[in-house]
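Okay, so here's just one chain, in structure tokens, the form predicted on its own.
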């Protein structure tokens, strides 16, 4: 009897061990932590934002009622929101158009296994890991109208000084310069990694065909690193649309909303003016526009990217 009970207990333990091993090795178990984090911090907040965008919510006054599409009608007839949306689109296009070509140029220059090049790569990557607060403080000193080094450099070329962050005509340009400078290092290292994966036989064949350096770049280098551009454009677009720190610490959206971007407008509308419904409506508009731009980017660039 005792031997039979032991055998039965061993069989139960073996069965539980097999089931536990199968569960732990299941791909669904492996993706469960990532799925839970995505659900908690992305899907659920997005769903709550969509819900609140159709409501008038004021936690201070204790108001929470359904208003339909009134919040959307309100923001699309608001001149400030339309200006902020235009600023965000301009900021996105300019930072992408400026940072990625410069990153490619820097990567081509540094694509050598030398000590100075490796040291320069480390120096160029430093702005990416420095906090936006430190970056904003540095550039605010450099853009000072009276004592900034940028106006001093303009004076060396006989150009008039600019008021940079203090002028509505140059405040957004100032943010574009700072954001592009901060991302060039990261983008350059990604391009360098792609350049080092190009088979040297292709360049040897180009030399045998007497291809010019410019022709080699457009016929060999650019097609081979084209998949990287899909990644860089997508991440740059998302980063541009989610820019908050620079606006907060450098301009606070001024002068006269000339440098205010969507995320900062959502923050001010929701947390400073307590108009949660309008803020969530703006967040939904931003989310849909970002999804459309990302889908368009994948649709257009994937056709031109060479993955083999």
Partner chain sequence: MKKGAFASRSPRAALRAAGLAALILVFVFPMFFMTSTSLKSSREANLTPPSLVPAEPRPENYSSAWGRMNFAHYLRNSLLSAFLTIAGQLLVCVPCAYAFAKRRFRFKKPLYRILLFDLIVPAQAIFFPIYILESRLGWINTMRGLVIPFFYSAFTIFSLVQYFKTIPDEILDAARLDGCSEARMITRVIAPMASPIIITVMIFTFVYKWNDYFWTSILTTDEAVRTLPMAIQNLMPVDHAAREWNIIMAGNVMALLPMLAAYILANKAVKRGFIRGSGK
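The shown structure was predicted, so the numbers you read here are calculated from the model rather than taken from an experiment. Numbering follows the first chain given and starts at 1.
Omitted here: the form predicted in complex with its partner chain. The next part is about that form.
A.B. asks: Assess the spot marked by 83, 100 and 162: is its partner chain within 4.5 Å of a heavy atom from every one of these residues in the model of the complex?
C.D. replies: No: no residue has a heavy atom within 4.5 Å of the partner.
A.B. asks: Thinking of its partner chain in the model of the complex, which stretch from 104-112, 167-175, 89-97, 75-83 has heavy atoms inside 4.5 Å of it?
C.D. replies: Within 4.5 Å of the partner lies stretch 104-112.
A.B. asks: Just to confirm, residue 291 within 4.5 Å of its partner chain in the model of the complex by heavy atoms?
C.D. replies: So residue 291 counts as contacting its partner chain.
A.B. asks: Indicate whether residue 31 is a 4.5 Å heavy atom neighbour of its partner chain in the model of the complex.
C.D. replies: Judged by the heavy-atom cut-off of 4.5 Å, residue 31 is in contact with its partner chain in the model of the complex.
A.B. asks: Can residue 53 be called a contact residue for its partner chain in the model of the complex at 4.5 Å between heavy atoms?
C.D. replies: Looking in the model of the complex, residue contacts with its partner chain do not include residue 53, since no heavy atom lies within 4.5 Å.
A.B. asks: So in the model of the complex, is its partner chain close enough to residue 127 to count as touching (4.5 Å, heavy atoms)?
C.D. replies: Within the cut-off, so yes.
A.B. asks: Tell me, which of 154, 222, 205, 133 has a heavy atom within 4.5 angstroms of its partner chain in the model of the complex?
C.D. replies: Contact residue from the list: 133.
A.B. asks: Check each residue of 260-284 against its partner chain in the model of the complex and list those with a heavy atom within 4.5 Å, in sequence order.
C.D. replies: Read in sequence order, the residues that approach its partner chain (within 4.5 Å, in the model of the complex) are 263, 266, 267, 270, 271, 276, 280, 283.
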